[in-house]
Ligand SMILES: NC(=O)c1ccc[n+]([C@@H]2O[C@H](COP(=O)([O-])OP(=O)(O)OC[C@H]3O[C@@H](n4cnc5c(N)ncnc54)[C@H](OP(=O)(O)O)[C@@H]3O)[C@@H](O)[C@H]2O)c1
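Just one chain follows, in the form predicted alone, and it is written as structure tokens.
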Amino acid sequence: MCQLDGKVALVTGGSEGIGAAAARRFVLEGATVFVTGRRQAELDTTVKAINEQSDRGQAIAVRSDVSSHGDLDRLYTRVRDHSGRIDVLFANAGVSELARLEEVSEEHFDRVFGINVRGLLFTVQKALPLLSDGASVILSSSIAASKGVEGTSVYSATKAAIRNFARTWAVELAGRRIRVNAVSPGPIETPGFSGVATDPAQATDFKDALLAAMPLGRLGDPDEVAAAALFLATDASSFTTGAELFVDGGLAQV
């Protein structure tokens, strides 16, 4: 028997990277997984590939932008009409952009907070009527919430907010036995990480500095974060809530 047989999951930001890896893990463990992303063609390609790998669960593509209330409402109508509930919610959608303090613009601030904080908050809030008692909510934070890294002040602030969401919502939803935890990756080899800086030289310097500080001496793989998300999604973590699970090669730990 698979760990998520008969469960209904939702993964936001699932077109690529960590979200796609988590959606694939959940499907392989028997879940019906609604996978969202902003780019329909990319989302369809990912979902098709996931379904071709599994004969147990199923992935369902729903184009949705977490920063749009209308998109979220349409998403949850689709989930309600198809499955009637959500047992696992992985609120993973987010953006990362570098900007030193003197470079921060209103547009940069609004875009990063609008997706990472506002979008995540309303993703979870609007899911509440569908969340089953005893459900698992997983929030995508980052080691940036715990460390000071040059050029990441706005991004890091969003991830610190998400970390506190996990603590606060774990208390607020405990009466329904809904567990809320955060997974905090370090540097992971994803398209989002590769595109964090628009200037190639800046991107190279940023990556080299991180690698030099990594105890394990390498970037992580999206599937390594997906494995942590799977743990938090299943009964293996039944006594874990309000926690932060680091998947960072030791970068924020030693």
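Model, not experiment: these values are computed from the prediction. From 1 onward, residues are counted along the sequence shown.
Beyond the structure shown, there is the form predicted in complex with the ligand, which is absent from this document and is the topic of what follows.
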Using 4.5 Å between non-hydrogen atoms, is Ile188 touching the ligand in the predicted bound form?
yes
Can you tell me whether Val95 touches the ligand? I mean in the predicted bound form, with a 4.5 angstroms heavy atom cut-off.
yes
Answer for Arg179 alone: is it within 4.5 Å of the ligand in the predicted bound form, judged on heavy atom distances?
no
Does Val66 make contact with the ligand in the predicted bound form, using a 4.5 Å heavy atom cut-off?
yes
Among 77-85, 141-149, 164-172, 127-135, the region lying within 4.5 Å of the ligand in the predicted bound form by heavy atom distance
141-149
Stretch 222-254: residues contacting the ligand in the predicted bound form, 4.5 Å heavy atom cut-off:
none
